[in-house]
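Next up, C-alpha cells for two forms of one chain, structure 1 and then structure 2.
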Structure 1
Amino acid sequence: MIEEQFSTGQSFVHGLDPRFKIIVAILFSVVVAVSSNLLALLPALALSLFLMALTRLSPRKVFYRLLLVNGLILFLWLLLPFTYKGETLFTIGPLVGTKEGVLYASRITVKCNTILLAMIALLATTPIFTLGHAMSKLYIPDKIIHLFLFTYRYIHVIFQEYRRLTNAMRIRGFMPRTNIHTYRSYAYLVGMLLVRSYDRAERIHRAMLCRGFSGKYYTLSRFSINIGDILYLSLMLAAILGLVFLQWRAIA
C-alpha cells in the first residue's frame, strides 16, 4: 500500500470536514488554473503557503514533493523564454529570451506550485478512504469514486508486477541498449504487464461479486459539521472570490 505520509496529524486542517476540504480544493484549483495575472496568482500562492503552515507538516517532505514537479517545470524555463515571441529581455549567445516568455514561464511555475501546495494541505491531510466517503457524500458518481479508490489500492500491486518482470529479464541476461532487441523486449514487457493487470482485475472483480458487491460504496464512518468547519469554508470562499475579483480587475 502507498504510504500516506501527511494524512495523520493534530493540526486544525487535519480536523476539518473532508467534504469542505474537497469543495475548497476544487474551487481554488479551478480559479488558480484559469487565472492569468500575477496580481491574482501571487496572493493565491500566499494563501497556499498559509494553509501549508497550518498543517504543521514536515517542510523537508513537502519540499521533496515540490522538487519532483519543479524538476519538470525547469524544462519549461529552458524553452519558453527562447521560443515565445515578444520583447527581447536578454540574450545568451544566439538565443534571445523574451519578456513575454519569462512571464509565461513564471505564471506556469506559480500556478503549479500553488495548486500542488493546496492539494497537499487540503487533500493529502485526509486518508484516502475518508476522501472516498466524502466524495460519495458530495454525490460524485460511484464509478469515479471506485476508480479513484481502486487506483490507489492496486497501483503498488502493478508496480510489484513490473519489478518481477524486470528482475526476470535481468536474470536472463537482458541488458538495455539502443537496438531493436531492446525495443522489442520493452514492448513485450508492457504487453505482459497489461495482460497480467487485466487478469488480476478480473479475479478481483469476481471476488468482489462473490462477496456481494453491488457497485455501491459503503462506510461505517459519519461526518459532523462544527463551527470551525463553517468558519473555514466561509473564509476560504471569501478568499477565492477575492482572487476572482483580482483576476477580473486585471483583465478589465
Structure 2
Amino acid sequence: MIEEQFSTGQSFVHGLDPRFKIIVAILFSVVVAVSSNLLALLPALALSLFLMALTRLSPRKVFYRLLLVNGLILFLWLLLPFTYKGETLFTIGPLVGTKEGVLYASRITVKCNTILLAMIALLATTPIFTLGHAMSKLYIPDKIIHLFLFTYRYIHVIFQEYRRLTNAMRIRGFMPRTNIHTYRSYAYLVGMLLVRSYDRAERIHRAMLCRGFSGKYYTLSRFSINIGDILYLSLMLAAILGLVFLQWRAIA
C-alpha cells in the first residue's frame, strides 16, 4: 500500500539531480497556482505532460492516480457552474449553469492536474531518502529532515503493526458497522497502535544511543551535477519565466 510506485526507472528524469528537481517543482507549482489565465495554464499543462512523457512511467498508472486525487475537483464541477454568477450557458430543470462558472471550474481543473502531473514527474520519481538528502542540501532545517526521514522509515514498520492488529480483529469476526461497538473497536485499535509505537520509539531511541547517536544524521550520498542537469535546469527556468510572461501579458 505504501510504496514509491513511480520512484524506480531508468529515464532521463529519474537520473536528474534531485536538488534541481525540487527547485523546479516548487517554482513551477507556485507559478501555476497563482496563474489565472487559460492562455498561461494550457502551455503549463503541455509542459507537465511533456515532463511526464520524459519519465516513461505507465500512462495507465498515472491516469489512475490522477483520477483518485480529483475528488474535490469533481465536487466543484457539480456546484460551481450553478453558484457562480454570470451569463447563462445551459439549464438543467431549475438549475442555471453559467459560462463563468464553467470557465472557473475548468481553470481549477487544469491548474490542479498540471501541478499534480509535475509533482508525479519530478518528485514521485525520486526515492524519498534521496529527496530528504537533497532537501538538507537546500538549507531546509535539519530537524525537519530528520523528522521526515524517520517518519517515512517508521510508516512501514507501523503499517505492519496495523496489519497485524486488523488481521487479529478479522480473525475474531469483527465486521465494521455503524454502531458504538465498531467505533470503540477502532478507537482501541488506534490506542493500541499508539501504545506499541511509543514502546517501539523507546527501544529505537535506546538502540540509537547505544550506537552513539548524537542527534546528527550523517549522509554518505553526494550529488554531482552534469551537463544534462544544467541544460534541464536552464530550459525549465526559461519555460517558467515564459509562463510568468504569458500570465502577466494576459492580465495587462
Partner chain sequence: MHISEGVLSAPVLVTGVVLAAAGVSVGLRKMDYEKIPQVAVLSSAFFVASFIHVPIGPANAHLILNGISGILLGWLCFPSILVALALQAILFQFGGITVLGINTVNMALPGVTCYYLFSRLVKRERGLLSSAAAFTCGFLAVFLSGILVALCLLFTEESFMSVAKLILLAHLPVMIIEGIITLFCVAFLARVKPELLGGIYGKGS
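Counting starts at 1 and follows the sequence of structure 1. If you superpose the two forms and keep the largest set of C-alpha atoms that fall within 1.5 Å, you have the rigid core. These figures come from a predicted structure and were not determined experimentally.
- Of the two forms shown, structure 2 is the one predicted in complex with its partner chain, while structure 1 is not.
- Superposition of the core reveals a Cα shift of 2 Å or more for L189 between structure 1 and structure 2.
- Residue displacement note: R107 has its CA displaced by under 2 Å between structure 1 and structure 2 (rigid core superposed).
- A movement of the C-alpha atom of L116 falling short of 2 angstroms is seen between structure 1 and structure 2 when the two forms are aligned on their rigid core.
- Core-based superposition between structure 1 and structure 2 puts the Cα shift at Y154 at 3.8 Å.
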